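Coming up is one lone chain in structure tokens, specifically the form predicted on its own.
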């Protein structure tokens, strides 16, 4: 009897705690959706009930912001950054794991040490480099620094440890070259890893704020995160409009995550193995 009561108490506490944590996790999104339907003054007062200003806030956002342009800018930056980062980082991760040399681990550890360098220490050198290359106020300047991601290289190398070496050996016996093994065998086998990395890199590129704020200096090149920030930092910010913009900016990342969530879980489990 006591054991049964103990199990019930433990289950109640566990599920109650998990439910509370889940609520705290999704509450900001719920508050954002509710805030989009309220006026700015109601949001300032802390109202968390549905309002009647949603249509007005949406209309004001679309009249204030060139929505197709800013979304195109964000999509262009995110897609190019994601594709190039996955291509470079997967090749590097594959190379670090498959090709053995005397200095391989030293180079790999030195690369991982770059994760300890804060981006604030790199902003000025990067800005000077982009300025000398004539890339300031271009999307290329936003994409280039993100291509060589030490974290994504580390992720691909850890995942490559689970890649069956027998497949590579059999492909070599069949006469395939190394680039053919990578393209036609490694990539299809590691598709879950690519899917998980795609979600991580895409969300990071889409939500990137600090570096685009520094290098993108005209309204024609700004991304959605910069536009929302400018709306929120206005002299009289309309928080209802800001909430509408935040919801719209969140939708692409939500769509990508929910569309690829199964592959994301498989890829993360594979990287641990």
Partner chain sequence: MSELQLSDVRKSYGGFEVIKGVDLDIRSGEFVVFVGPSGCGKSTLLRMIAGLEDITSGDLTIDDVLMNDVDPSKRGIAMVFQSYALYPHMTVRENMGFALRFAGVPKAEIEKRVSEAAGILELGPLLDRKPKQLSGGQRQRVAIGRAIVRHPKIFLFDEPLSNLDAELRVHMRIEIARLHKQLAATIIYVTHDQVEAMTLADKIVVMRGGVVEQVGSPLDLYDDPANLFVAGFIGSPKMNFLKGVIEAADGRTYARLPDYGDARIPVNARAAPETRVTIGIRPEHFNDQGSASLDLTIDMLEHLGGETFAYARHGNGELVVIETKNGRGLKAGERIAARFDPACALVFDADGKRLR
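Positions refer to the first chain, counted from 1. Please read all numbers here as calculations on a predicted model, not as lab measurements.
What follows is about the form predicted in complex with the partner chain, which we do not show.
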Partner-free chain; cross-checking the partner chain in the predicted complex, the single residue of 191, 76, 161, 104 with a heavy atom within 4.5 Å is 191
As a check of understanding, the residue in 127, 184, 151, 72 with any heavy atom within 4.5 Å of the partner chain in the predicted complex should be identified as 184
- Query: For the spot marked by 45, 46 and 49, is every residue within 4.5 Å of the partner chain in the predicted complex through some heavy atom?
  - Reply: no
Per contact check vs the partner chain in the predicted complex (non-hydrogen atom within 4.5 angstroms), the hit among 82-90, 175-183, 136-144, 119-127 is 175-183
* With heavy atoms only and a cut-off of 4.5 Å, decide whether residue 167 touches the partner chain in the predicted complex. => yes
Residue 171, heavy atom within 4.5 angstroms of the partner chain in the predicted complex: yes
